[in-house]
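Only one chain comes next, encoded as structure tokens, the form predicted on its own.
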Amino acid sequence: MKRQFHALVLAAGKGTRFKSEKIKLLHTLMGKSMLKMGVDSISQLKPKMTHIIVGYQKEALMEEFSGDGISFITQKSQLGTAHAVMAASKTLSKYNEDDVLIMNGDLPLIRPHTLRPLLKQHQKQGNALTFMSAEMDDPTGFGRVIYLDKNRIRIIEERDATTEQRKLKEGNAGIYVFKIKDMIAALPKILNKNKKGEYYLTDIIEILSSSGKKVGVHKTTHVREIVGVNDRFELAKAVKILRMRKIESMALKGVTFYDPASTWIDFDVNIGRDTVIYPFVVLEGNSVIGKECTLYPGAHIINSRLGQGVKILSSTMIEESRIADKAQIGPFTHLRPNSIIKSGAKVGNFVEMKNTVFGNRSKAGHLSYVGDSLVGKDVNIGAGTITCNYDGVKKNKTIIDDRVFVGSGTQLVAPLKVRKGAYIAAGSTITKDVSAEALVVARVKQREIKDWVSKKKKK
């Protein structure tokens, strides 16, 4: 029978190499913080409880996981990885018969299928400790695994290693599974006799193995996943791996990417089958793109939902909006938050919408602003139409019923209602409600003064 396990994530350090006022672990990769990436991978293994060791900027870290059922343990001073685990001893001692998976918080590339075999090996072998290692072409920055004899194992940190030890290729990944009672018994034996004067959790490997406890090594082949992110260039390299991983998973589900290298897709974006993504498309947040959509170059979509068969033409920005089946948006369109574009509608060149419902098969072809409006079906919005929704104090609503024709260059001064089937003549400024089926013309009468220019020149 599998023993239950807890997860303990070390997240108390600042990460000084990031040169940032913000703690390293809250820097984002594809829309998620570095720490959340790792915690989400662990959560898929279904731990009994996840505990995060916090210290520097702990309030910000706790806010990041509010509502997620995470336990937080404070490390008041940062004196090394073993010191961080010591801070959790009191909490973990309540679960002495369980296991604990311990991992650094700066491993955003790690995946559940890489962690699962480590847990399985640990419990199958009945080990007191099982840790992950890997054979690396360049193990710079990693502690080296040294086999002292058949049963005894030591990890030597690179800064404390000799020249010969640094030539070893097997590096410690910094991921461990302990039997909790064995770990707690061994922690007080860890000393800080090293160049940094810190308490290294790696020392517990030699302590346990030398005392006759079973220590196992799980040598992973997923070497690229155990690279920590310690500076912004390493962050960029991690993002590249994550982005291509995401695009590959979408492509295998039936999405076409004409140029994956120029396409940006956040971690939580979903895309339906037979959708085609052109180069230089950016999809952010929790956007959902339906089946059989086409996204042309320069489309930028944030936290929005697209139905089936939607076309987004070039250089279009869509924020926190919903677009129904068969609609067409762009080129050079800006849909600001809370825009709802219904089925078959078309919103075209240099049109901006905000907080607007735009009805089935309605059209706004070019050069218009429609804000705080409710537009019915089969409405035509002529070029240069503007809803004047702000009176200097508050935003007012414009309601345009079904089958209304709005001529070019019209200004609709809200609050305003235009009833079904009405026609508004081009160049009108509408300040009063318009009746159904009416034609309304609201222009200043045109005057022509003969020879006005020539008379002015004479003066």
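Note that residue numbering follows the sequence shown and begins at 1. This is a predicted model, so every value here is computed, not measured.
The protein also exists as the form predicted together with a small molecule; that form is not presented, and the subsequent description refers to it.
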| property | result |
| --- | --- |
| Sole residue of Gly344, Gly174, Gly376, Gly290 within 4.5 Å of the small molecule in the predicted complex, by heavy atom | Gly174 |
| Position in contact with the small molecule when the complex is considered in the predicted complex, options Thr114, Gln123, Gln78, Asn303, heavy atoms within 4.5 Å | Gln78 |
| Candidate site Leu10, Ala84 and Gly143: all three near the small molecule in the predicted complex by heavy atom within 4.5 Å | yes |
| In the predicted complex, Tyr200 touching the small molecule (heavy atom, 4.5 Å) | yes |
| 4.5 Å heavy atom contact, Val281 to the small molecule in the predicted complex | no |
| Distance check, Gly330 to the small molecule in the predicted complex, heavy atom within 4.5 Å | no |
| The small molecule contact in the predicted complex: Arg17, any heavy atom under 4.5 Å | yes |
| Which of 322-330, 243-251, 209-217, 97-105 sits within 4.5 Å of the small molecule in the predicted complex, heavy atom basis | 97-105 |
